[in-house]
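Quick setup: the structure tokens below cover two forms of a single protein chain, split into structure 1 and structure 2.
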Structure 1
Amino acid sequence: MGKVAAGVAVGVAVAACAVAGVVVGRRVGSRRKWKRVVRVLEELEEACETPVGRLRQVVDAMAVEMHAGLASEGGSKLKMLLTFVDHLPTGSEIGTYYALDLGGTNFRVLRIQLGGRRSSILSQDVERQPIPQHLMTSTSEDLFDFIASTLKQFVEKEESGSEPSPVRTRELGFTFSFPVKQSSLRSGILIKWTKGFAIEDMVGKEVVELLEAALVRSGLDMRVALLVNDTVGTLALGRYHDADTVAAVIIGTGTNACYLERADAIIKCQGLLTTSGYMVVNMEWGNFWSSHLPRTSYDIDLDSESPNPNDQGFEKMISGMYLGDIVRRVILRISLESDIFGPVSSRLSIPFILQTPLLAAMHEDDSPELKEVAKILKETLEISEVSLKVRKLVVRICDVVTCRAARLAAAGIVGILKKIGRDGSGAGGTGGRNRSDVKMKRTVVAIEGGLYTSYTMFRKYLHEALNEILGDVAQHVILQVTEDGSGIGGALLAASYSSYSVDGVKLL
């Protein structure tokens, strides 16, 4: 072999080695990056873990906080607000009533005709409208003028052709789904905003007065019969259909629960006069907090960057407003620490860009290639061309975040059952007797909200956790979907508390 030939051979060998080195180097590099990704995922899984033992701690903490919130004003992060609703619809209600349901991304106006027998809602007309984004942060006058004019148009449409009643004013149940400190059925001041609303001038104001002033400005003759939280409306509709309904839970844009409490257990309000000995308590459980809640760095960041830091901690782990944003934060972190999503998309830094319905769609994508995941990554987050392995990772993140939320919501529900002695552990959560000694009553919890009704995996995880925590007792507990309960229930309560009814006899 001549010198030249030998030189060429050596050169080829060196080049081959260099290429092999680059390939191996890349593989090692990409394996190292993938390891980093796996570490982020494992950290998330670990931080979100909700084994049944931890859920039981959350159950106990919920029951303890309920007691504390009932014992004194400010005694707990759970406000346990009085609603002054001391009887619920029985089914005997008759007449035509209106409701206005304001609380999430949409608001609804509705009119129902009641026939006087349980389950005889003769007719029901609903109109939904999205709340224009700018009104959520504008002035109370702008918001209520918009609502009043929509309501007026609705009334005119519904009543066109029919003679107005000469003797009675229209009555309205006003469902307002924010924390309100009520002083009577028809009055209460807004404590604070949640769910992205921020109309500063309204905090501390009488909510019904603002609505009534707008109704007067619009020239609509309508009386606000009562002010209710959406959970209370849901409980009313649940009870209308099933007399065993004792509590209601909303898991939608926000989350909350209410339940029927013995008046004498509401210690912070001694001598409370009720017709039934009971009152519905609006827990505002979105603000529940306990050191047993599995909190991640993503939750901490989400909270501190929110308009209401240190508030609504439970809600921020559970409800539809936030789940998508937790997932976005995890994807952003992975994207910053590796290149598996390609160059870091600026979309990933936009808060709330990944909304929970999209998270649900990715989580429930059952196509073999995870086409929906690819589509949402591309269209919403501008991340394209990711491998199947990476799409699977995204599904796993959605799963972890949703599973934690659903299981915590289940623990919250059992917390209420424990407080009212329906969890099988003995009356009033005081313990003592064992489960088998307790004769369990059929217990119905009315439930509403898109996360529960439209997100199958969420619902599945919630039921699984309920069964794990309650064991055999779970067979006595029924979660009853109560569609549109917040609005219809508001109208039903307007009927129950109508000024045209005397001792339950409706004067038409």
Structure 2
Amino acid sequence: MGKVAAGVAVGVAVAACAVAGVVVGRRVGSRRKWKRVVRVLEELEEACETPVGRLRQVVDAMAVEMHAGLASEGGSKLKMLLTFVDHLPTGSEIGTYYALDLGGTNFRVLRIQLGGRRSSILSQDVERQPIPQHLMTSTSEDLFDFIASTLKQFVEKEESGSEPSPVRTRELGFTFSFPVKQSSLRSGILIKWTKGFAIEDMVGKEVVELLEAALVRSGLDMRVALLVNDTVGTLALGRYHDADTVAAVIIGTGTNACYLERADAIIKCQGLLTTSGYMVVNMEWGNFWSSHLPRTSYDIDLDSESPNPNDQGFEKMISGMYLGDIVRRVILRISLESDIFGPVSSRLSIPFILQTPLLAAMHEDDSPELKEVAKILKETLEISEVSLKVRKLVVRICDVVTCRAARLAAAGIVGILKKIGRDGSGAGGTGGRNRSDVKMKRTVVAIEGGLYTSYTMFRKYLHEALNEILGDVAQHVILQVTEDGSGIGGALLAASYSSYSVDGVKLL
């Protein structure tokens, strides 16, 4: 019995050692896995760093590129397009004006009635209409006949029962958010289609001429007062509400900016004459690039796999179209290097499956167990049964990517302010820091887009960066949210450029 007992004891000891060895091995393996994960996270954090010194370099680079783009065509990645808008709404506009907003697979028609007092929009009517799929690849005549017919029905419905305006042609602001080479306030040639449109006979044609021909065919008495893009509309709406508005920025699915520039600073158009001495310049800032931008391997891969490689570099780092996909790429790399997410999900290889609203929902999940993170990982990426520790890791990745985007957007805004002398740098090159001896003007930037308005953490990081870069000057800079600048702004510009008014005052 003694020998048997001893044998059993030895067997138990061996088994215990084996179990302990397995446990220790698992712990060591787990530590190694997390070391790899931590290394990936640390590399991301380091590559995305945006200390204030770096942000100031981006500010300077933006201002330099703006100068270069104004000096010559092709002199900069920034196109710095002339809009021929040389005055903005004053608030004294009176009358009824229309807008057509075409910038995607839907278009909108608007009618506003202005009362002649700043911020006094007496009434506003809007109708949204989807564009039938076949018209997006048909002919220009088919597309604009459909739009003109819808516009005519809208006008007749909204004006039914109202007193007709004597001998007055209705006026329309046309917001057309596709690449256009503009040659005057009312003329612009379509360069190329985007957003699913492919109407071949319209490329290289005058956009306003095609619309006005359709209006004539429909029997609608309406004049197109001007052609603008959505950013210019946002600036017009901001200026209507606040006379200190000097720039506009859209930060949503895409991003762009425009601002009011001195006409004599637009060197590539020497002798340019404007009634105000200024002109609105459409920067097309999504294409901005500088070696000071903190680019990661994920950005490089995203760009190379995109339909427009080496294009829109700034946009790909800061806009809603791309942030979710950057996060997806980081999660995919971690999943390939460790099994903390379980077996590699095939969904992680689908571009843009993780859209930015989902990123925002995970980032701003304040539940103790991060239930929203778990839900999105499971339903969107088919990653389930992950620990709280892993969910916290995902939130951290979202935070790093979003923080970088917001801080770079802030640097871009300050770059505009620097170019027009509103950053407080003045003499001595203090970069806007604590210059109490400089009398600063109140400066308003109109801002629009869901990434800014709906994503709390993005907005918070942008404002923090603005304060860091500008110092005391930040108190003089207001970011003012506008709503529907692309639509209402177009109608306001129609009023501002009405053939029936002088300086916005109605004559008829």
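Just so we're on the same page, residue numbers count up from 1 along structure 1's sequence. Between two forms, the rigid core is the largest collection of C-alphas that superpose within 1.5 Å. Keep in mind that this is a model prediction, so the values were computed, not measured.
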Please state whether structure 1 or structure 2 is the form predicted in complex with beta-D-glucopyranose (BGC). 1
Assigning each C-alpha to the rigid part whose superposition suits it better, are residue 328 and residue 424 members of one part between structures 1 and 2? yes
If the larger rigid part is held fixed, how many degrees does the smaller one turn between structures 1 and 2? 17
May I ask for the C-alpha shift of residue 137 between structures 1 and 2, in Å, based on superposition of the rigid core? 8.3
Rigid-core fit: what Cα movement does residue 203 have between structures 1 and 2, in Å to one decimal? 5.5
